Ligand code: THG
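First comes one chain, alone, set out as structure tokens in the form predicted alone.
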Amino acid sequence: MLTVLKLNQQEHRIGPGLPTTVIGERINPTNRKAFVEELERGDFETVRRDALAQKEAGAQVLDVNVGTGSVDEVRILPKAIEVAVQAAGLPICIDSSNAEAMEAALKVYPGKALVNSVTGEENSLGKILPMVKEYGAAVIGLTLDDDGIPSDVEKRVEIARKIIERSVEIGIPKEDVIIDPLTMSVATDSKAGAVTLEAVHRIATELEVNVVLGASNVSFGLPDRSTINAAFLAMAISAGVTAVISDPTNVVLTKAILAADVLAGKDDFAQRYIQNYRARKQ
């Protein structure tokens, strides 16, 4: 089950058995006051700098999010994507909860983008999936619906199945749907990590689609968060995750992802792991 993203003539493949795809998450204004101020005045220097830094650190796809209340997202998101593409030359994951901004970005993107995201909510399914179909994109489906994020595995699998079925019904190929089973903090629910990992395994094996996961939420409220996030990502890759949304410039996380790929047989003769080790030593 291969998901193929495109930028002009360049392709990136996500799938079981392939090295884990790293989707760089740094182009995001959350808790970054200076970045928000740049975006407000139409300055994209941080976008350019973060795009290039993430490529150099090993990202294969860049998530671009400019969503904050003070930014005109419909105008700024397409421009931010153009800057990121020019700086790094990597496929883009368009990250927005604003359907109008999402469509504006899809109109200018030169290839097959990844849309982040659609949910199991009826309003989201009705707005986002037709747009994904029209522009020939791939899409991340979040396992939440009108009742929120379920705490049990069965309900998350059910929502994932619903998103996949509704996508296929309107002509989106199944391989272009990537499911995110969502991660909650283990500081407030000690079973949260285990529930997500089981959901990953079931979605990957029963529904046979690619699975993406971010790790940052799992450690919220705990000290030394990178250690927990790194362990969680390694376990998630073993459970069936084929793409991660993370900060590739975080050496602890990157080393964990590369090591997990070696141990899962996704890095022939540990070539990527060794190349990264040599680059860090230099």
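Heads up: residue numbers just count along the shown sequence, starting at 1. Fair warning: this is a prediction, and the values are worked out from it, not measured in the lab.
Missing here is the form predicted in complex with (6S)-5,6,7,8-tetrahydrofolate; even so, the following discussion is about that form.
Although the partner is absent here, Arg32 lies within 4.5 Å of (6S)-5,6,7,8-tetrahydrofolate in the predicted complex, judged by heavy atoms. The closest non-hydrogen atom of Ser238 lies beyond 4.5 Å of (6S)-5,6,7,8-tetrahydrofolate in the predicted complex. A residue is said to contact a partner when one of its heavy atoms sits within 4.5 Å of a partner heavy atom; Glu73 fails this definition for (6S)-5,6,7,8-tetrahydrofolate in the predicted complex, lying far away. Contact annotation: Ser216 falls within 4.5 Å of (6S)-5,6,7,8-tetrahydrofolate in the predicted complex, judged by heavy atom distances. Heavy atoms within 4.5 Å of (6S)-5,6,7,8-tetrahydrofolate in the predicted complex are found in exactly one of 74-82, 149-157, 180-188, 124-132, that being 180-188. Here is the short version: of Ala59, Leu39, Ala234, Ile245, the single residue with a heavy atom within 4.5 Å of (6S)-5,6,7,8-tetrahydrofolate in the predicted complex is Ile245. Exactly one listed residue, out of Ser167, Asn116, Asn210, Thr143, brings a non-hydrogen atom to within 4.5 Å of (6S)-5,6,7,8-tetrahydrofolate in the predicted complex: Asn116. Contacts to (6S)-5,6,7,8-tetrahydrofolate in the predicted complex (heavy atom within 4.5 Å) from stretch 71-97: Asp95 only.
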